[in-house]
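Shown below, as structure tokens, is a lone chain in the form predicted on its own; questions about how it binds or moves come after it.
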Amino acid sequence: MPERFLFGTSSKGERIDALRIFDSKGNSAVIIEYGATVQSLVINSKEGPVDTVLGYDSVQGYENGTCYYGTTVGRVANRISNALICIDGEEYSLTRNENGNCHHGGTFGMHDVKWDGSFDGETAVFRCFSPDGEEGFPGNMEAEVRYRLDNGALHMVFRAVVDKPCPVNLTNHCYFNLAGEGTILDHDMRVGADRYTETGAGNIPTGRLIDVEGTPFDFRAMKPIGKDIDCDDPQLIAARGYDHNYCLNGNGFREVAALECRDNGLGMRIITDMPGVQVYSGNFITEEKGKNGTLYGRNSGIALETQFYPDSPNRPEFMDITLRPGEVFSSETVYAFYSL
């Protein structure tokens, strides 16, 4: 049976609860109300239970942290150039929180507020209200994330509505390490994408889609993450590793990527209906203590953020992600674990 318990108290004095969900195989996930954050995801491997995601033991860890471990990010995940958007001829200035750009919804985006958690049967449901003007975004937004664990697969369903036109791009920012500790450089990864979005200054897309063929970005077949990460490629040098959006092949709800750890025989498939996935190899994780005293550092985890393309509001050649009153933003991503 799912369970609810006190996780801690925020700096604002808010009670932050945790909701734990299970599946029939004994796997479990804990999602906390602060940021609708996946705080732990314990999966049974051949070598025993493994907590496969990075995180903290306290609310204060998430309040003070800068890596978005497991959080729900929005209103617009990833980067918006110059922290400016224009909708129907009206310009809006957003919070500048990374190199003059707006990153992951701003300084106090949806990752940094309390969501209201409840259960719908075996599903953990989190709801959040973002008021008009928050971090500069227009209109009121109501958002919901539903988490369900079934047969070793964590299902995430995102939903949002607005009362004024506003770009929306919600995603989850789990950092995965299928070994539970160490780096992810010896994990094997596959990404079903023939192209990625080239980035320029500030890791903002240039608008060019680059073929992965013959480049270090080719993960169309399983390959160790660390194989090419330090090679002499300007894109990798600028980002200190992978921090790029892959333009996923296919449409609709389909398998798009996979991650495997040969040491314990644990694998994970990523299934989504989104057009892109931001692959971030934890290049700027600074040395710190995470859950249970585990020491984190560069490349301790990899984020696979299913999403629309970065800076879409300022790139007419990309998909229009403006959500309008009467419409519903809805997307689903599944992280499905398996044994090698």
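As the structure is a prediction and not an experimental result, all values here were calculated from the model. The first residue of the sequence shown is number 1, and the count goes up from there.
A second form of this protein, the form predicted together with a small molecule, is not displayed here; the remarks below concern that form.
The single contact residue among Tyr296, Phe308, Tyr34, Tyr68, judged by any heavy atom lying within 4.5 Å of the small molecule in the predicted bound form, is Tyr68. Screening Lys114, Arg148, Arg79, Arg190 for any heavy atom within 4.5 Å of the small molecule in the predicted bound form leaves a single hit, Arg79.
In the predicted bound form, no heavy atom of Phe137 sits within 4.5 Å of the small molecule. Among heavy atoms of Tyr280, some come within 4.5 Å of the small molecule in the predicted bound form. In the predicted bound form, the small molecule lies within 4.5 Å of some heavy atom of Tyr175. Taking the partner from the other structure, the small molecule in the predicted bound form has a heavy atom within 4.5 Å of a heavy atom of His104. Listed stretches are 71 to 79, 126 to 134, 162 to 170, 105 to 113; the contact stretch with the small molecule in the predicted bound form is 71 to 79, by a heavy atom cutoff of 4.5 Å.
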